[in-house]
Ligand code: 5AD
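Quick heads-up: it's one chain on its own, the form predicted on its own, in structure tokens.
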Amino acid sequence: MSSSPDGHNGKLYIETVGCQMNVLDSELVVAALRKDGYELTDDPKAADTLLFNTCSVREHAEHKIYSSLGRLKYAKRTAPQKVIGVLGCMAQKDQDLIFERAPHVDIVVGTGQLAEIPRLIKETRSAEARQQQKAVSLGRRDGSVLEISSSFQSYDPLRDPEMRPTPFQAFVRIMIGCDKFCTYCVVPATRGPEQSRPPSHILSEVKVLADQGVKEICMLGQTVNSYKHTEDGRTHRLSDLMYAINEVPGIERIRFVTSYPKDMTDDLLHAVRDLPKAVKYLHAPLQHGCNDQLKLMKRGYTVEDYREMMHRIWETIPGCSVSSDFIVGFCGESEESHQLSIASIREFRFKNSFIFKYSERGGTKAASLMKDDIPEDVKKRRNNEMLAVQNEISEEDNAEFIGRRVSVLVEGQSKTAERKAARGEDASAPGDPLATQLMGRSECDRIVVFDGNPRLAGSTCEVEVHDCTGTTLIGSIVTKEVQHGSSGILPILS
């Protein structure tokens, strides 16, 4: 692309860290900037516009962004037309601090102001004298609930297929914000009050995605099963959205993350059980196996409450997979409390758990009222102990699938095949130059790898499992072959 009238080359680099919500935000921002003629590049040195979509949930994510910004400290010496922007949760939380730590940053844009990015980039580049610009939403104490909510705008104008996990999978935001106020979490401050989108808007978006070839929809919300919106005199919950999306032609799978345990209602479980397109998988973070720690975290439930939820899931949706999140080393965590978390993994047998060492976040109740008193080496040990137990559970439960057939939505090449191809090595399957190792997910969200033709990407196929690891089922695709001279159709493993 040649240079534009205002002197830039139209190359856009965007780096995204954090959750699925951030991945979707980046997709929407890129789609909007494409309308202004931008092209994506994965080379930050080639880009004249560089955006960093940030996360504040853990300290490591912030350090990563500041490191990336640091490498651009002198980039404008040879390319003064460059525009550097910081977006997302860190931008909403730190605001002017980002300008202080990285003076070469041009724009800071919070989670609720993403629609302003094209305008801010254009104004920054066209100004005779560069001035740093900031667009952020109100803080949780800076106005009425209505005023604060209005300052966080859900931004879902355009979609960009190139930014999706695969061409066949798409995220759909059904709500923004959070009102749970867990003591360790910055999300209520960085994402604002809980607001659910109108169901008619969501359904329209899903239909557009289906027309674009999307097969799997993943509905997003900080506490997605808290969704509630009244439209045309009727109150809609997450289960109602699922029934509506289930009727959209072209959509084959429906999933949602992340669920809040106290809002796991029976109507939702019935929808997951009864709808043929619903993935039999739930992500419901426990966070800790000790009631004292859950109370300090202000999670709003006890281990007994969570156990009751799990029993309802097991009884309502036999074979449903459940995954969890855990925090180790939270304020005041004793060795006994830590062992209770390990015991909960053994009791509930999660498909997998995302386990994180506690990271104190400025602006949270935990940071202002509690002492981060667990040494780093203790946090690391406890983290590793929990991971070891979870890996044992995952390996044992995955082994139960050996000899069974699973339905797999093929996503594309496996990471192993992609790495081989990136190194210039032969990534074809042994004995079959037209095949490579593919990966997809089963109906209960287990990763499955098998050899097959890359053209299978986006299709659903049957795979017979013959081996496993703690994270992956390994199998062979089941094809059907008509035998000559016979009317029978026999399954053949290939």
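In this text, residue numbers run from 1 along the sequence as written. Keep in mind that what you see is a predicted model, and the values were worked out from it rather than measured.
A second form of this protein, the form predicted together with 5'-deoxyadenosine (5AD), is not displayed here; the remarks below concern that form.
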Residue stretch of 323 to 331, 415 to 423, 244 to 252, 230 to 238 approaching 5'-deoxyadenosine (5AD) in the predicted complex, non-hydrogen atom distance within 4.5 Å: 323 to 331
4.5 Å heavy atom contact, residue 57 and 5'-deoxyadenosine (5AD) in the predicted complex: yes
Partner contact for residue 361 in the predicted complex: 5'-deoxyadenosine (5AD), 4.5 angstroms, heavy atom: yes
Contact of residue 356 with 5'-deoxyadenosine (5AD) in the predicted complex (heavy atom, 4.5 Å): yes
Touches 5'-deoxyadenosine (5AD) in the predicted complex: residue 87 (any heavy atom, 4.5 Å): no
Contact residue in the predicted complex, chosen from 383, 407, 195, 287 - any heavy atom within 4.5 Å of 5'-deoxyadenosine (5AD): 287
Contact assignment for 5'-deoxyadenosine (5AD) in the predicted complex, among 185, 217, 345, 296, heavy atom within 4.5 Å: 185
